[in-house]
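First, one chain by itself in structure tokens, the form predicted alone.
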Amino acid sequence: MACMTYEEFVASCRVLLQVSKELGDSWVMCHSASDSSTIYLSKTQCFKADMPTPISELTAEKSESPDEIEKLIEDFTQEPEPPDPSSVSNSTPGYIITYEYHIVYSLSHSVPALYFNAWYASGKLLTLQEIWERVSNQFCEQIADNKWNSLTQTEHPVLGRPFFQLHPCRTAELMNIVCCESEQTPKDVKKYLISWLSMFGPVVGLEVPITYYNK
């Protein structure tokens, strides 16, 4: 299984942080107020978007898959189409939503975990239902089918406040397959976190530029 120790997580965070700095991205390293040795990465991003289509309005017809893991890998590893900047900046009607993403180490699963919060310009936090409805179209059916075990609200392990979380229970399993298919070792500190983020981030709007792989 493609797990990692906390020391490997910290090393991988430093690599991601360095690449982010070189590319002019906005990831920053944060420390726990009670224990400076506990770190996580944070990034804040604003979106202007039209109201999403609720998951409940999706068609009831589902495509059957003989192997759930293979379906997840196929969907997660597809390179997403780049967004059209004009469609984002000129969307009407639209509203501003701010996302704050955190990459945190999961002690119980020994893998990275993605936590995030989102709020409107008024400061009002999005509800869990609104978060489910804003999941990328590429993954919304998967989330709808298993939303309570994949995307939920829980206590942030460092901050102790409610945050949304993409559950890391199958991260090691998926990363092990991805590492094998890409012929990289599960312990490849430089590539692990970037590969993981590019697989899970797009589910909740966090895209990883292809330039991260060229560094």
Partner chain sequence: MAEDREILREVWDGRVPVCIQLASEDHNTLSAPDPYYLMVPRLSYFPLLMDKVRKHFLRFISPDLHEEEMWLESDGMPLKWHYPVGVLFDLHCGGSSLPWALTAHFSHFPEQDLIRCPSREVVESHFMSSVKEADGLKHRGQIITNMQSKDHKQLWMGLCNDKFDQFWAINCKLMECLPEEGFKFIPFRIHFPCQPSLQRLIKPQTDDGRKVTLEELLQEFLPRGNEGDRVVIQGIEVPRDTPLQWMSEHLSHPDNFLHICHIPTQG
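In this text, all values refer to a predicted model and were calculated from it rather than measured experimentally. Residue numbers count along the first chain shown, from 1.
Heads up, the form predicted in complex with its partner chain isn't pictured, but that's what we're talking about next.
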property	result
Contacting member of Q45, S42, N176, T38, with respect to its partner chain in the model of the complex [4.5 Å, heavy atom]	T38
Close approach of S26 to its partner chain in the model of the complex, 4.5 Å, heavy atom	no
Distance check, S108 to its partner chain in the model of the complex, heavy atom within 4.5 Å	yes
Close approach of R161 to its partner chain in the model of the complex, 4.5 Å, heavy atom	yes
Contact test in the model of the complex: C169 vs its partner chain, heavy atoms, 4.5 Å	yes
Residues within stretch 124-161 having a non-hydrogen atom within 4.5 Å of its partner chain in the model of the complex	K124, L125, W148, N149, T152, Q153, T154, E155, P157, V158, L159, G160, R161
